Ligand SMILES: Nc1ncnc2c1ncn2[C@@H]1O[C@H](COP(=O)(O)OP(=O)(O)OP(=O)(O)O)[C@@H](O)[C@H]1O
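Presented as structure tokens, the chain that follows is alone, the form predicted alone.
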């Protein structure tokens, strides 16, 4: 799968990305130097507990983090034959606005909060068309209606003139997907897009996203806490903990043989189909520490049951373990990955 990924165009490459936030108590460092790439037609999943830096990473790509966030590193975004470092573009500048919504777009976690309650759904989808595709209002409306129909919104002509409160949760999520995809971006960031939906609607939305990705050839960064969704949606998986990617590789390989103790804990905490209903689920002791004044040791040290003598002497660096996999753990420092 890694070989196939390399044959496709690299849509975005993130190099040593770090996000810090100055607070009265000190400097918060929720993202601490992560690197990854996403290729055309690929879905990269990002998973980890709340507070590990997933959303800040995704928002940094689109330049929509709070102004207080100091972001360093490189975000190399490919448009045609041109490669541009998005971090060199000024916050809110016309240059970043030409990319955001057109070439790179985002599906947010809460659709009701993403739409303005005082404007119709059609007007809000149409805004992207008028900004990035055509100034002709009639043509823009036709493009918006076509995308609303593609995402499965029945009676799109009527729905176009309705307000967000007139949509159900699942239908509003479809409208949010339509707004994100109306310009057919090359990169889509989906930040927990099905969290607020029931299981049946959730499955429909995921199938819809896969269909549209195949049709448009998009690269997708998919963020969620649900490991079952990751297995269904993603080609590769990046496991985050305390602002770092601690394991990365093909999703099937990671599920089959997780290397990092944290990854093993996450997978073990999921209920297995066919097991006894009274089975006690595994849980990882403790909680993710605050990303402030972090000691110079493995970030998972306090919660890890497999720590060794080296784990409190600096942080482990990512190491290749074969088959397109990388892991940051002293258990694999100079050793082959366990089978």
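Just so it is clear, the model here is predicted, and its values are computed rather than measured. Positions refer to the first chain, counted from 1.
If you look for the form predicted in complex with this ligand, you will not find it shown, but the lines that follow are about it.
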Discussion item. Residue-level question: is residue 70 within 4.5 Å of this ligand in the model of the complex, judged on heavy atoms?
Written reply: no
Worksheet item: Can residue 50 be called a contact residue for this ligand in the model of the complex at 4.5 Å between heavy atoms?
Response: yes
Worksheet item: So, in the model of the complex, is residue 285 in contact with this ligand at a 4.5 angstroms heavy atom limit?
Response: no
Worksheet item: Is the gap between residue 21 and this ligand in the model of the complex 4.5 Å or less for some heavy atom pair?
Response: yes
Worksheet entry | Answer option from 137, 210, 116, 225, heavy atom within 4.5 Å of this ligand in the model of the complex | 225
Worksheet, complete the sentence: in the model of the complex, the residue from 192, 127, 253, 235 with a non-hydrogen atom within 4.5 Å of this ligand is 192
Item to complete: Establish, in the model of the complex, whether 63, 84 and 95 all lie within 4.5 Å of this ligand, using non-hydrogen atoms for the distance.
Response: no
